[in-house]
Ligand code: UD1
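Below you will find one chain, with nothing else, as structure tokens; this is the form predicted on its own, and questions on how it binds or moves follow later.
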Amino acid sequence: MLAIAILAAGKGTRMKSNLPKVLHSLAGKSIIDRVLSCTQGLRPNRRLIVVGHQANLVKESLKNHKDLDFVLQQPQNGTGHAIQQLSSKLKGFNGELLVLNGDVPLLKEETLSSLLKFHKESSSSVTFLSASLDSPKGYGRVFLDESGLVKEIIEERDCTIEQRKNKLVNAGIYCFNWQQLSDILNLLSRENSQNELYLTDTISLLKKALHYEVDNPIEVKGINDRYQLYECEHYIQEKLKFFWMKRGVSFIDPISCSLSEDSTFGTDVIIEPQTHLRGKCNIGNGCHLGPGSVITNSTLAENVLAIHSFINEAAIGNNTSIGPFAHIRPESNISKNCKIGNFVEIKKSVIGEGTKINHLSYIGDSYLGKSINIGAGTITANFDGKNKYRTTIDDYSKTGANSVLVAPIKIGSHVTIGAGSTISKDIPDKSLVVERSKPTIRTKSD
């Protein structure tokens, strides 16, 4: 039996933020989501989240995780006090308790699996992750006896100058025998510099304590401030870019770009400087992104060009060109061989194969057929102040510059609309339509 407890009750005062520390984002996922993701493959029987500061906000952010049990720690009197709050929830539980910190987002599932395996094979009361650091400042120090068992953990602020020279540190990730831990939880004391109940004090109270040293100390790096948040973001980004470069993606200037972990790429993709992918993006073979593009939750087929443009929750077909300075908004589906040019905005619209919208146009709530040419400055007027209406333009039609199509409206196929026309009635197939008011000209002598 395995229960997992994630400590997420702290204020995170060093973040200088109104947002709980565990809800800050790394490569598109919250810190606590990242901690949760490394526990999925462990198949725990229980997953408990200890919440406190802005508890409702943390709960709301995790509402899609149906198996979580939230435990309130109020007030927050230390890590030992947090685990004491689990006693009623784990009454009668007979198994191991894995304790994770909600602000340690780089842990690997494989590391936790190895910790659990080592803990069970050694039949210890507690096994925790440790690391050897050249600069151990800020961490509790681990002290061993002559046989290699852990004698005690001393928090840095309670260490002597000599003790602080010890480079073996506690990473704050523990695997306890719950029955043995619950027997001594009430023995914890607040006799320390912070006047809190330390979970580390259980080490000297339990029968057999062991440590398991991680191979890569970056895994146990905690986040306490904005700079440490940046360090973790940088680490994740470097790993992601290295992964995709090995699989045929070129970054012209990797340091200026950012990726989400849910993005996937084909081969021969070129990513120019200042290009960012967010959410779940699927980028096909031969695409050329940027410079200066932001792509969010979108699918781009093969050989798509997107320059200095925003593409959000949209699908783009093969051999289509986007930009520069185009804005493709949610629920837009642009077919293959299209051209969406500079300063064009498309919203909630279907654009047929081979259609060109080259410049300065707004196409909203529309269906456009194939091989249509939209003249510069064409607007679909889809909103009457209360409701949104749909515009339909059938195959092979074209609009002149500065046309306004007042929805709801249907333009047939092979229609030509003269420049400057404002059209508010349906137009049949194979028509030429020009709608302009008669000009009034006055001279200075009038």
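Residues carry their position along the shown sequence, with the first being 1. Predicted model, so just to flag it, every value in this text is computed and none were measured.
Separately, the form predicted together with the named molecule exists; it is not shown, and the next lines address it.
By the criterion of a heavy atom within 4.5 Å, E96 is excluded from the residues contacting the named molecule in the predicted bound form.
The shortest heavy atom separation between T200 and the named molecule in the predicted bound form is within 4.5 Å. For N224, a non-hydrogen atom is located within 4.5 Å of the named molecule in the predicted bound form, even though that partner is not displayed.
Taking the partner from the other structure, the named molecule in the predicted bound form has no heavy atom within 4.5 Å of any heavy atom of I328. Three-residue candidate spot E345, N358 and N402; no residue lies within 4.5 angstroms of the named molecule in the predicted bound form by any non-hydrogen atom.
Note on the interface: of 320 to 328, 87 to 95, 211 to 219, 171 to 179, the segment with non-hydrogen atoms within 4.5 angstroms of the named molecule in the predicted bound form is 171 to 179. A heavy atom within 4.5 Å of the named molecule in the predicted bound form is found for one listed residue only; from E155, E261, E302, E353, this is E155. Proximity to the named molecule in the predicted bound form, defined as a heavy atom within 4.5 Å, holds among S125, S332, S293, T79 only for T79. Scanning 122 to 145 for heavy atoms within 4.5 Å of the named molecule in the predicted bound form gives Y139, G140 in sequence order.
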